[in-house]
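Only one chain comes next, encoded as structure tokens, the form predicted alone.
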Amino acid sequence: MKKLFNTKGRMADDMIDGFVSAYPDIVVRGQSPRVVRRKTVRTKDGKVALLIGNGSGHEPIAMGFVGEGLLDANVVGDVFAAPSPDMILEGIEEVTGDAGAILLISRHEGDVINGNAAAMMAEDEDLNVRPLLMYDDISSAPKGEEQDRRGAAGTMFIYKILGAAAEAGMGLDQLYTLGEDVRARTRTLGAAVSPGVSPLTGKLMFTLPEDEIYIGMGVHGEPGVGRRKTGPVRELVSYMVDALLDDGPIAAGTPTIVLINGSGGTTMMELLTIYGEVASLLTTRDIPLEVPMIGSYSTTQEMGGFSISLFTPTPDMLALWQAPHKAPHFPHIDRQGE
């Protein structure tokens, strides 16, 4: 498959150039060329900073989530590669003030190692940084071993809710506890129907027979936990929703947010069909649905597939989920009926 780029070594940098050129009133490039930060930084005036370092190739997450009400900064690594501890430290230094910072870490090996190292280096500089691991993929570790799970699209609930809470002035300890609570209320399961092509190698990231679907494929093409034959999407969605509810039961009457995330090569027609099936299944269980999110936000190039995330917010979390923001690529979530 053809890819559009100048040189492989400049992929991430050229992308950042385009991003900051497109949204100059919201974001700027930091002193380090791989740091994208809010144009107006409030963290020096008492706001807790919220940032993340992650590999590129999954856009719009996380660079597109930088802006008022969400991330203060994103440290952008190479394609599918976590930024180095030194690079993450540069991002921490640029946005962290006396109120401290939450460093979000999506749980993948390189991100965890480099993020924790950066946080320790920041402590040596007397910066108060709390690393918060994000994980939600039920296919990557069994129930009871949630701390070993991978980060997937459901981490978007942490981005948005902590971003809104930090913007409103919540302190460091309370933000960290809030992040843990949001994480505990989130479950995600994905499915892949076709591979993406690595922009670095030009090769397929995995192979899959035409009549099969991977269950549990990771965002870097990590192996799934099983395969199913293709068929009506209703049957696939029913299987996935049952697995999610088995892992994290939701009692009747519990307000729930559904996130349907496309992997990069899945059409909105397909994603809306999937949401309709999820909504129908949850409604039959008397689970009321709050404002959903449907689209391609955490992607793996042009991989065909999707994930379903279920999140059971408290009323305060729901208000933060719907709070206004100015991040370029995070959707605006209006209250139902308004």
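In this text, residue numbers run from 1 along the sequence as written. In this text, all values refer to a predicted model and were calculated from it rather than measured experimentally.
One more form of this protein, predicted in complex with a further copy of the same chain, exists but is not displayed; see below.
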Here the chain appears without its partner; judged in the model of the complex, the stretch of 260-268, 132-140, 158-166, 110-118 with heavy atoms within 4.5 Å of a further copy of the same chain is 260-268
| query | Has each of A12, L272 and H329 got a heavy atom lying within 4.5 angstroms of a further copy of the same chain in the model of the complex? | reply | yes
Is G69 close enough to touch a further copy of the same chain in the model of the complex, meaning at least one heavy atom pair within 4.5 Å? no
Classify M63 as contacting or not contacting a further copy of the same chain in the model of the complex by the rule of any non-hydrogen atom within 4.5 angstroms, answering yes or no. yes
Contact with a further copy of the same chain in the model of the complex for L127, defined as at least one heavy atom pair within 4.5 Å: yes or no?
no
So in the model of the complex, is a further copy of the same chain close enough to T230 to count as touching (4.5 Å, heavy atoms)? yes
In the model of the complex, the residue from S238, S84, S198, S194 with a non-hydrogen atom within 4.5 Å of a further copy of the same chain is S194
The one residue among D98, D173, D246, E212 placing a heavy atom within 4.5 Å of a further copy of the same chain in the model of the complex is E212
In sequence order, the residues of 282-301 that place a heavy atom within 4.5 Å of a further copy of the same chain in the model of the complex are V291, P292, I294, Q301
